[in-house]
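Just one chain follows, in the form predicted alone, and it is written as structure tokens.
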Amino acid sequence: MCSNVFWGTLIEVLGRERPVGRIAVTDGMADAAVAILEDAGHEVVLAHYTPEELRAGSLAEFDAVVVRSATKMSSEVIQASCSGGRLGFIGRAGVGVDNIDINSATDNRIVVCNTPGASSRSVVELTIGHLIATTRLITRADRSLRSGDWAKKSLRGSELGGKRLGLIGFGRIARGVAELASAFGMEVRTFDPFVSAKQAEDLGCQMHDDVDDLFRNCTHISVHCNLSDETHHLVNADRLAIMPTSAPDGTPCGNHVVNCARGGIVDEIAVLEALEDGTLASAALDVFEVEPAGDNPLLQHERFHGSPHIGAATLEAQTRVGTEMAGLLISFFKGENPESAIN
């Protein structure tokens, strides 16, 4: 959150007493949210800019910019946007802000906000969807059926009930996954150095003090942490190798990894090798280290399935994201400290 000192200085420097502003929306926004902003008197420009245009200062004529994951607000882009310009607000319509240089924004007196809760339910449901598709071999069944093969006898999956699900991170989305997974009869465990064991226990989950211990005890792993230097390739060959392949009751269910959080947390080369040598039964990713992931060799493996970063891509989530961001922008132009300011 913005400190009072930082926010007071920001208002003074930028002269945010102005009630309306010019807002660039580079990666799309729900029509309802655009209408809210325009009804409040703001000018909204829906346009996509190339990296070259951004580095050349294409945002310098705007008071605020709203981005999703496609637009990268690097230090160079921020500097260009502030050079002779008036940019004072960067809004991330979503959760992750790894595409925004927070330090550079802060140094340039730009407030950064995200919408952390708006898409949570959508990501929770996609995660559960990937878990079910993984264990019931739904994508493999679809592929074989389309090719004309009636592979009923060879497509024997396993149930989620009775299996141990390990959640890496225990924030809002992970807790939603835990709730639904528990309803399926899964035993949920987690690792999160920023959450107390008591908080996890209150929600019926067991907290592990060590991430390796989580892998040793869980047949199913789902990623729900931010990408950082510490979490880059956190899911790697060594940890995949220590995962059990049988449930606590002895059912040979195999081991499975799902990532609907951020690309780069999973070492995709290690996952591919583990799939090829049988160390890992299946993997499902919604996010990739390099996106678009069209030439990623994982896409050709029979026991992999994925989706193109669609965790927040529901009608409901996009409406919530847009209207929440519109509210943050209106607060900003009123000279208020937006609720989800993170610097």
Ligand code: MLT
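All residue numbers refer to positions in the sequence shown, first residue = 1. Worth saying up front: this structure is predicted, and the values here are computed from it rather than measured.
Just so you know, the form predicted together with the ligand exists too; it's not on screen, but the next bit is about it.
Listed residues L59, A283, A312, A274 were compared with the ligand in the predicted bound form; A312 is the one with a heavy atom within 4.5 Å. Scanning S307, T279, S69, N296 against the ligand in the predicted bound form with a 4.5 Å heavy atom cut-off leaves one residue, S69. Here the marked residues G96, S119 and R262 all reach the ligand in the predicted bound form, each with a heavy atom within 4.5 angstroms. Only one segment in the set 86 to 94, 240 to 248, 265 to 273, 212 to 220 has any non-hydrogen atom within 4.5 angstroms of the ligand in the predicted bound form, and it is 86 to 94.
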